[in-house]
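Form predicted alone, single chain, as C-alpha cells, below.
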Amino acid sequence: MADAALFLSDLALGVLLGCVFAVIAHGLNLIWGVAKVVNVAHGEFIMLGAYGAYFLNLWFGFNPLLSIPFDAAIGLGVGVLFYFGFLHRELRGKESMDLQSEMVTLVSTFGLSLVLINTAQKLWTPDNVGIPWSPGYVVFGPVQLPLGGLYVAIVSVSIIALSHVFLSKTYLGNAIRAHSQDIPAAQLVGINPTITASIGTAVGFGITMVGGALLTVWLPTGIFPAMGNLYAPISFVIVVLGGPGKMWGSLVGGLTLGVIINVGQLFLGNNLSLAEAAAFLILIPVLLLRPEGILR
C-alpha cells in the first residue's frame, strides 16, 4: 500500500500540475468555443510561448512569471494574424461551421503546425533547453510543495477566473458569447462578427502562449520544438472533459488529468506513459455518458 504522506504529496503536486494543464488548454477552449474551429496547431503555440519565456530569461533574466505580459502581447498579435490568415476567408458570411469549413481549417492548421515545428528546429535546433528557476519550497505538514508550481497554479486559476469575468460581465465578452451561440442573432443587435471573432481568437492565443510560459516552471530541461506533440493531446482531452466553450470546464478537466497522471504513477511503478494512458482512458466513459463534458 502506498505511503499516505507520499500519496498526499503526489495528490498536491497533481493539483498544481492540473492547474497549468488547465491554462494551456484554456486558450484552445476559447478558440473552439468562439470560432468553432479545432486548432490542430495548438501545441505549437504552446511551444512558442515556452520559447518566448526561455529567450526572455536568456536575454533579460526574466523568470517565467515576468514573461507573462510579453507572451500575452505576442499571443494577441499572433491570434489576430491567425484569424485573418487562416479563418476569416473561410468563415466570413457563414452562419455556422459546415463540413467544408471544418476540413479546410483542419488541413490548414495541420499544415501550419508542420511549418512551425520545422522552422523551430531550424532556428533553435532539436536540443532540449530550460529555465533554471526555483524560488524554493513551502511545507504543509508532510507535504513539501515547490513555490514555483504554487505561484503558477495561482496565476493559472486567476487567468481562468478573469476570462470568465470578461466573458460574462463585459459588453465585449457578452458579444463574443453571443457570436459563438448564434451569429445571425448577434448581427441583428449590432455585433460585428469579424471583429468579435478575431478578438475572441486573439484572446485564446494570448492565453495559450501564457500557458506555454507557465509550463516552463515544470520543465527545467523540457523545452524543444516538438513539445507540442505531447501537450496538444492533453489540451484536447481537457477541453472535451470539461466541455468545449465552458470556461471553468478547463479547470475541471485540467485538475482531473493532472491528478490522475501524478497519482497514477505512484500505483503504476513510476511509469509516466502508463499514467498518461490511464488519464486519456477516462475520456471514453465521459464521451459515452456525458458527451457535452463533465460540467453542465
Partner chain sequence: MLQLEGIDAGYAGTQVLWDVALEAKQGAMTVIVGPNGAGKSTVLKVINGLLRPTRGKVLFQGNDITRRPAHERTEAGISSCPEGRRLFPQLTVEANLRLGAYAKRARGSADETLEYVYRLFPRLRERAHLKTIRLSGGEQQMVGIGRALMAKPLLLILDEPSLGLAPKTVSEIFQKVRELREGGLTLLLVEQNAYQALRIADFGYVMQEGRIVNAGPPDRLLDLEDLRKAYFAIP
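Note that the coordinates shown come from a computational prediction; the quantities given were computed from them, not determined experimentally. Positions refer to the first chain, counted from 1.
The next section is about a form of this same protein that is not shown, the form predicted in complex with the partner chain.
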Checklist outcome for this item: The one option of 104, 145, 78, 175 with any heavy atom within 4.5 Å of the partner chain in the model of the complex is 175
Checklist outcome for this item: the partner chain in the model of the complex has a heavy atom of only one listed residue within 4.5 Å, and of 132, 136, 190, 141 that residue is 190
Item to check | Non-hydrogen atom contact residue 181 with the partner chain in the model of the complex at 4.5 angstroms | outcome: yes
Item to check | residue 186, heavy atom within 4.5 angstroms of the partner chain in the model of the complex | outcome: yes
Next on the checklist: Looking at 70-78, 192-200, 153-161, 207-215, which stretch has residues with any non-hydrogen atom within 4.5 Å of the partner chain in the model of the complex?
Outcome noted: 192-200
